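Provided below as structure tokens are two forms of one protein chain, presented individually as structure 1 and structure 2.
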Structure 1
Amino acid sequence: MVKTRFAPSPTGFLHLGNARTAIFSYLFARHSGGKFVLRIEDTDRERSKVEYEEAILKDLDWLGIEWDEFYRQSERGDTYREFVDKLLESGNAYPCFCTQEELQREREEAQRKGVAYRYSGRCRSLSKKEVEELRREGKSFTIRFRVPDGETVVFEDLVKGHIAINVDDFGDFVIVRSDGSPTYNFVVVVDDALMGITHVVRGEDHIPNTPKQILIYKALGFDVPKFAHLPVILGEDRSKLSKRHGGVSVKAYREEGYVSEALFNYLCLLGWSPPNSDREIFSKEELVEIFELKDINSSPAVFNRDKLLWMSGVYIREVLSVEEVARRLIPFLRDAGYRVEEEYLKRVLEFTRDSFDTFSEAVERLKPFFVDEFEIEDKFLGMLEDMKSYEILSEFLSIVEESKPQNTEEVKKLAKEIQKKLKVKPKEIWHTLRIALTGSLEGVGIDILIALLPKGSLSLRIKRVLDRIS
């Protein structure tokens, strides 16, 4: 059975690149009828924060990624110690008593010679007696994995193809720090093996770690999983996606009001595309049905914020129901201080959901439907004074208070009646009403606003403007 995992470190918010890794790993497991594991890799005690873990879990849930099993590495210390002991007993690992100063001198010497640094192996040949004496003296030590000399580790990556790395490039590496905490390359092997992970899907920045991990798998007698290393995501300037390109965390897009399904859909298309299809909008169920690791492109993908924004708008306009858009939008409107009644909002959305691409954008876009108090700039007041605005608004108010228009056709009919009676141009009527009711000359259709606004709001806004220009 296929079993994949996503293993984030709670040292920051969930990056878009890591979110894509989670999506690919999740889709492959579900497509294959297998299981998907979430494992929090929190062995870095100084940088791991509970608030980051909570944010990661919230982001994954928001994206619709469900997991079958959940683990925290910080709760698995006894398991790691058991396998460290096995490596020490078999001679595949050894204590290293080199100080930081000694190791730094080795690095500086390698730099002076212009060669890549690798540990000299000076503690490799310490006898048991020497190790015991150093430990009795209270010398601190790390534990290093004994890398076999001259070996080349070869593996077939499911995305990158054939990869071969000579172990002499990195030498003996630390698997337990001097404070007793295990390192990433060691614990990830133990976890993946014991959890039955069959396919490791992760970013290509992990390729240098893979030969080290394969050596540990073999030393412990574990089966080696298959690896799929994903290409990086670039900004539009072709550099690695970073904060200078704007929001790079899932949290940022969640708080900006992007549609979660749109972000899931868009990230899936960064480096992957379905065969024989030029479609771009897919449901999660459709993606589960068609996703294959073999269809992942080995070249970097470019993140285009405008494309994501467009896709979020498509979901709001065409994919989600009005009821669902309203449900997701209400928290944003209430956070902005709007008093929102769900049925009224759904009527508003029937006419306006094609005018915004995110829920945060909707807050400003729909403001005229919810906020009666607003400032009118002097330039707009000046425009009202240059037109027959007082007569227009007075006539409009008298009609509305007697019988408010209930749809856009009735609003247009009313406007024509006022135009004919006062002998004014249509432009004067619509500009006057727009400024009086919204404080601007841009925004939602004024006929829609008049049809949907409660009579009390219409009267309040008109009377306030009449007081200003009388």
Structure 2
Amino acid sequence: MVKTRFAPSPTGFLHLGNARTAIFSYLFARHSGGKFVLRIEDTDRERSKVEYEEAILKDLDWLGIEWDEFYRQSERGDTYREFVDKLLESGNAYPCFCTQEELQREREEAQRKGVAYRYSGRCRSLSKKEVEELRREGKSFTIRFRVPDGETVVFEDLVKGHIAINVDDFGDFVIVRSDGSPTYNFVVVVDDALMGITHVVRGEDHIPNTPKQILIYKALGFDVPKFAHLPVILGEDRSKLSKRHGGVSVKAYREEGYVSEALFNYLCLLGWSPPNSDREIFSKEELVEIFELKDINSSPAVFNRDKLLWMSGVYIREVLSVEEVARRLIPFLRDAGYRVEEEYLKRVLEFTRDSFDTFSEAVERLKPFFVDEFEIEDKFLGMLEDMKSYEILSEFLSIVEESKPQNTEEVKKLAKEIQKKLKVKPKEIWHTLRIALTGSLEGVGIDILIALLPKGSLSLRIKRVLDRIS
């Protein structure tokens, strides 16, 4: 059975790149009828924070990625100890007493000579006696994996295809630090093997690690999983997407009021495309159905905020129901201090949801439906004075006081009445009402606003303007 995992380290918020990795990994597992594991890699005690772990969980949940098994690396104790011993016994690993200063010097030396750095192997052939001696002296040591000379590790990457790397490029590497803690390359192998991971789906920045890990798998007698290395996501400047680019955390998009399904959908289209189809809007279920690793593009993709924004809008106006949009929008409206009633909001959305792409944009856009207080710019006030606004508004007010129009048809009829009676152009009426009711010349349909706004708000706003221009 297929089993994949997503293994974030809680050293920051969930990043768009990692989110996409999680999505692909999740989709592949579900598509194959397999299991998806979430493993928090929190062994870096310095940088790992519980707040980040909580935030990552929240973001995954928001995206609709659910996991079947959960692990926290810090709670796995000395699971790794026995495997280190095994490697030590088999001679695949050995203690190394070189100090960081010595190694640093070797590295600089290599740099100067312009050759690829690799560990000199000085402690490679220490005799048992020498090792005991050094340990008795209390010298600290690391444990290195003995990399067989001249070997070429080959694997068939599910995305990149055939990859061959000569191990001489890196040389013996550390698997246990001098403080006794195991390093990433070692832990990841033991964990993946013990958890039965069959397919490792991760970013292509891990390609250089893969041969090291394959060597460990083999030395430990574990089955080597299949690998799928995803191309990285780039920023507008074509460098790897990072904090520098701003707005790269899932959290930022959640708080900005993007539709989560749209982010999920958009991220899928970054580096993957459906076979034989021009479609772009897919539900999670549909994606589970059609997603295949083989359809992943092997070149890096630039993240495009505009398209994500557009897609969020598509979800708001075409995919989600009015009820659903209302439900998700309410917290944003309340945060902005609006007094919201669900039934009223739903009626408003019926007519307005095609005019915004995110919930925070909706807060601005729908303001006239909820807030009676607003400023009118001088230029608009000037326009009111130029038009026959006083007459229009007085007439409008008296009609509304008597019987407020309940739908856009009635509003239009009312406008015609005023037009006939005062002999003014329709445009003049609409512009006057728009400025008087919203303080601006652009925004949602003014007929809708009049039809839906309570009578009280309507007359309050009109009277206020009447006072100012009389």
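Fair warning: this is a prediction, and the values are worked out from it, not measured in the lab. Quick note, the numbers are simply positions in structure 1, starting from 1. Rigid core: the largest C-alpha set superposing within 1.5 Å between the two forms.
By the stated condition, namely the form predicted alone, the first structure is the one that fits.
After superposition on the rigid core, displacement of the C-alpha of Ser283 between structures 1 and 2 stays below 2 Å. Once both forms are fitted on their core, a CA shift of 2 Å or more is seen for Val131 between structures 1 and 2. Annotation for Ser140: C-alpha shift of 2 angstroms or more between structures 1 and 2, rigid core superposed.
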